[in-house]
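Listed next as structure tokens is one chain, alone, in the form predicted alone.
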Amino acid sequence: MARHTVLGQWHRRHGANPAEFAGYEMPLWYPAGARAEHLAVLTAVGVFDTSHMAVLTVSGPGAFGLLQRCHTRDLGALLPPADPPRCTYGVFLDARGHVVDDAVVYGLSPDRFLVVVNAGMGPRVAAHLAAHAPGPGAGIADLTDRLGKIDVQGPGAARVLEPLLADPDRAFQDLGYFRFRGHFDPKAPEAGQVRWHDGTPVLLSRTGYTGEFGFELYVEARRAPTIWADLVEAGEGRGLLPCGLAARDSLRTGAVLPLAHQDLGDWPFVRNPWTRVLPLGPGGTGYTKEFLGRAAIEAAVDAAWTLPFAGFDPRKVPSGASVRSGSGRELGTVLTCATDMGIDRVEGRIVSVASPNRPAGFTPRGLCCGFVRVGEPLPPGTRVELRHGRRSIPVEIVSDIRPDRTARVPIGAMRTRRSASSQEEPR
């Protein structure tokens, strides 16, 4: 039987279309539909229940060394903790250089870290870390189902949060991309840094998996229903929509963000768009640290290429469809094919509904996009066909997909930006 997050009852009461994902019954979309939810994140605000994600704590004098050994990023950048402290995205590899899982690591202090991994992966990643611990100096705890996690994504995210935080100016101060502040545990020394208006301690992270400006909120599970209800109420009149997994998948694909165990799979972590999460030295050559799996990926000279693509209309094919050249030659398989409903082609270039230079009255049809795994390098601009049964869809290999994403825009600019679909006045 599928598990439910602490917000499961709210989802059922509000007509969510459910689907089982990683052992959890999760909303696929709500009555507004996946297209409306996708566009809400690009033009206003969307809230996502991501409480199914697993969170580990790694603490003790050996914590840094263990994570530095197992995570691909050079975690030295998290030490000593800055104000606000940093977090970073990377992957855990096994000795073959294959992906165990992707993860965001939060540096609380030199001997305390949070590790956020995918739904159902808490026990596996905890066991992986324990197996590679050099000694007893690192304690690993799995907080699965003990936290509520809510993602608030979109250009209006800060404006929705402001009236709900006890001290928004302090919470948002210098909160750059992949910075965070606060803690969900009332006993943690950081707990007082960010509080909900009712005093609930919150870990507020300037991250998310849509490619757009926004936040991830971590709270004790029992507090999540109140936080969620407050957000939905505060978003009335500001275009806020609850969003399900379908919109999350189409948004992350358009942002060239991988789905672990689909785009990052059981193969060497090389020749893909995300090798930037490896500790590359100056000029992109060599690595600045040792890490588990390094030798294997350095030796993987005959590995396949994982490449992003964008189509010319919204049509899709399922994962596993074949990739063919213009002459029909088999090149590889489709890993992900979704439709980013906020983009379209205008005079040969891709334009987003959020692009500042979009034509007047721009109404995107959406474009299919995703990732293919092929046996030879294909430069951007190469046309290939995705084939499934009788369906054949022409697409183009690209280096990027949805333009004008807002994830990295300074928070000060986003606090004063007027949401495209709201009637509110700038702050």
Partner chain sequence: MKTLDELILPHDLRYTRDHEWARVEGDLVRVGITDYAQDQLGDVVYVELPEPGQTFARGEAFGTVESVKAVSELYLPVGGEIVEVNAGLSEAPQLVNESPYDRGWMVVVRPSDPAEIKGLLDVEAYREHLKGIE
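Residue numbers count along the first chain shown, from 1. Computed from a predicted structure; not experimentally measured.
There is also a form predicted together with the partner chain; it is not shown, and the following applies to it.
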query: Candidate from 69, 383, 391, 358 lying within 4.5 Å of the partner chain in the predicted complex - any heavy atom; finding: 391
query: Answer option from 73, 316, 112, 252, heavy atom within 4.5 Å of the partner chain in the predicted complex; finding: 316
query: 29, 36 and 341 each touching the partner chain in the predicted complex (heavy atom, 4.5 Å); finding: yes
query: Region of this chain that lies against the partner chain in the predicted complex, out of 290-298, 189-197, 321-329, 306-314 [heavy atom, 4.5 Å]; finding: 306-314
